[in-house]
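Below you'll find only one chain, the form predicted on its own, shown as structure tokens.
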Amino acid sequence: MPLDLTPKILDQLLDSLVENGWFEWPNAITDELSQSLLTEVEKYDLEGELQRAGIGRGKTRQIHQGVRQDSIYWLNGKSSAQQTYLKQMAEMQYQLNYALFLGLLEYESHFALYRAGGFYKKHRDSFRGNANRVVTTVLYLNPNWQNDWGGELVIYNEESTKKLAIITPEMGKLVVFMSEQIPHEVLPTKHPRVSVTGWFRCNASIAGNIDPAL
């Protein structure tokens, strides 16, 4: 089940990343694969395997419910659905490197569950001067999402508070954006909202400073 990166879609993705810093791709992932991933994260939730997401990494990581309210489970490739999705992201990584010379070396991702009332305030996924996360991906796993449920992803202008896009978290939709460039937020949701959030990374290890921090 390869990623449907036709020449037309690939050109749209690359042009949009270069010109705007972000790209919205409806129906990027099949309903079959999306449903398999959704079933998996629902199972982890029932088994109590999800953990509260924090802010920061390593020793600086802290739980801050006033900023972020989601629970996560890191993909590890143990299921066939995860393996298929990770292979598709590997294909995208190759294409991004080939066309844009980004030097992407790896991909990390986790399931993210926002329960009713959950949100994530405006932020960037990578800090300037420490761009270990280069490109962000968000795959939505929400069938029959209703507009009045909220939970949209808001993408902002890099230099102002102007909203560039308000994206509904519909099943199979993939959003791709430059981690350092694009401020974004998740609006409060009135209904459980599930996604797979991931990052293509470069190697930011320097001397004794290992990246990612453990």
Ligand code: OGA
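Heads up: residue numbers just count along the shown sequence, starting at 1. Model, not experiment: these values are computed from the prediction.
One more form of this protein, predicted together with the named molecule, exists but is not displayed; see below.
A.B. asks: Considering non-hydrogen atoms and a 4.5 Å limit, which listed residue (176, 28, 186, 37) is close to the named molecule in the model of the complex?
C.D. replies: The residue in contact is 186.
A.B. asks: Does the trio 86, 107 and 201 actually contact the named molecule in the model of the complex, every residue with a heavy atom within 4.5 Å?
C.D. replies: Heavy-atom distance to the named molecule in the model of the complex: none of the three under 4.5 Å.
A.B. asks: Quick check on residue 123: any heavy atom within 4.5 Å of the named molecule in the model of the complex?
C.D. replies: Residue 123 belongs to the contact set for the named molecule.
A.B. asks: Do residue 81 and the named molecule share at least one heavy atom pair within 4.5 Å in the model of the complex?
C.D. replies: Contact check for residue 81: no, nothing within 4.5 Å of the named molecule in the model of the complex.
A.B. asks: Determine whether any heavy atom of residue 96 comes within 4.5 Å of a heavy atom of the named molecule in the model of the complex, and answer yes or no.
C.D. replies: Although the named molecule is absent here, residue 96 would stay clear of it in the model of the complex, with no heavy atoms inside 4.5 Å.
A.B. asks: With a 4.5 Å heavy atom cut-off, would you call residue 92 a contact of the named molecule in the model of the complex?
C.D. replies: Residue 92: no contact with the named molecule in the model of the complex.
A.B. asks: Pick out the residues of 133-171 whose heavy atoms come within 4.5 Å of the named molecule in the model of the complex.
C.D. replies: Result: 138, 140, 153.
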